[in-house]
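Only one chain is given next, in structure tokens, and it is the form predicted alone.
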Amino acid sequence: MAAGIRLYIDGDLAEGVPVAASADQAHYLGRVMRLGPGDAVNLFNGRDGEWRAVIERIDKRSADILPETQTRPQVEAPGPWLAFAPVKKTGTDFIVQKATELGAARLIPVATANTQTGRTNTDRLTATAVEAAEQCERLSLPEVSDMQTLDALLNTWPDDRRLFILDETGGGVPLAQALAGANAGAAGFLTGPEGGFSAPELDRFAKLSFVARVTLGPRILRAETAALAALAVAQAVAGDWN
């Protein structure tokens, strides 16, 4: 059971070079999981692959962990970007958690005309992404961006990354059709708030060469459902599920 515990570590990982766990990680290992010196854990940092390690020392607030053997090398895992209008706190956390599990490479909260949440806590969302990566055996972490306006997103979006807009008005093509022959790792998705995109926003999308408006079918989906459905379709049709 202990060997299945995975922790994300900020520092470098190399054979025989001890790393320090955070106070929260030390509490989790010692108080929650009841581990002690000599017990095994798995470590990753998004750069050096995954390592089997053993706890050398642990107390209430700190722990030293020694990497011993690399169990998986780091591999390039390009994933789609997800820009999304935040919803209520638990809904936004849910999006970040599940998007991490679905392989999103970048997560961008966006303020649209109808977005009801005025701010996000980037540190909390990053922590949510870390926990999801630890649990799903992902070797990398998604980049979690600070919340930005829709104008800022569109003005800085790279021309070589297709941006698929989830259009609940029915004005787009089916997403699976739009992704045929594409690479999900070079794509991005933008999902709107519960109230949908405004008419001026939809008009602006129509004028941008890197934007494609798509649909997820005949039903109106909740914002968090739409975001995760889009990522699932992308991974199945043009990503690492295929």
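Note that residue numbering begins at 1 and tracks the sequence as displayed. The model shown is predicted, which means the values in this text are computed figures rather than measured ones.
Another form, the form predicted in complex with a further copy of the same chain, is not on view; read the next lines as being about it.
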property	result
4.5 Å heavy atom contact, Val237 to a further copy of the same chain in the model of the complex	yes
Partner contact for Gln135 in the model of the complex: a further copy of the same chain, 4.5 angstroms, heavy atom	yes
Gly196 within 4.5 Å of a further copy of the same chain in the model of the complex, heavy atoms	yes
Partner contact for Leu208 in the model of the complex: a further copy of the same chain, 4.5 angstroms, heavy atom	no
Answer range among 118-126, 155-163, 93-101, 142-150 for contact with a further copy of the same chain, defined in the model of the complex as heavy atoms within 4.5 Å	93-101
Contacting member of Leu216, Leu35, Leu202, Ala212, with respect to a further copy of the same chain in the model of the complex [4.5 Å, heavy atom]	Leu216
a further copy of the same chain in the model of the complex - contacting residues of 203-242, heavy atom within 4.5 Å	Leu216, Gly217, Pro218, Arg219, Ile220, Leu221, Arg222, Glu224, Thr225, Leu228, Ala229, Ala232, Val233, Gln235, Ala236, Val237, Asp240, Trp241, Asn242
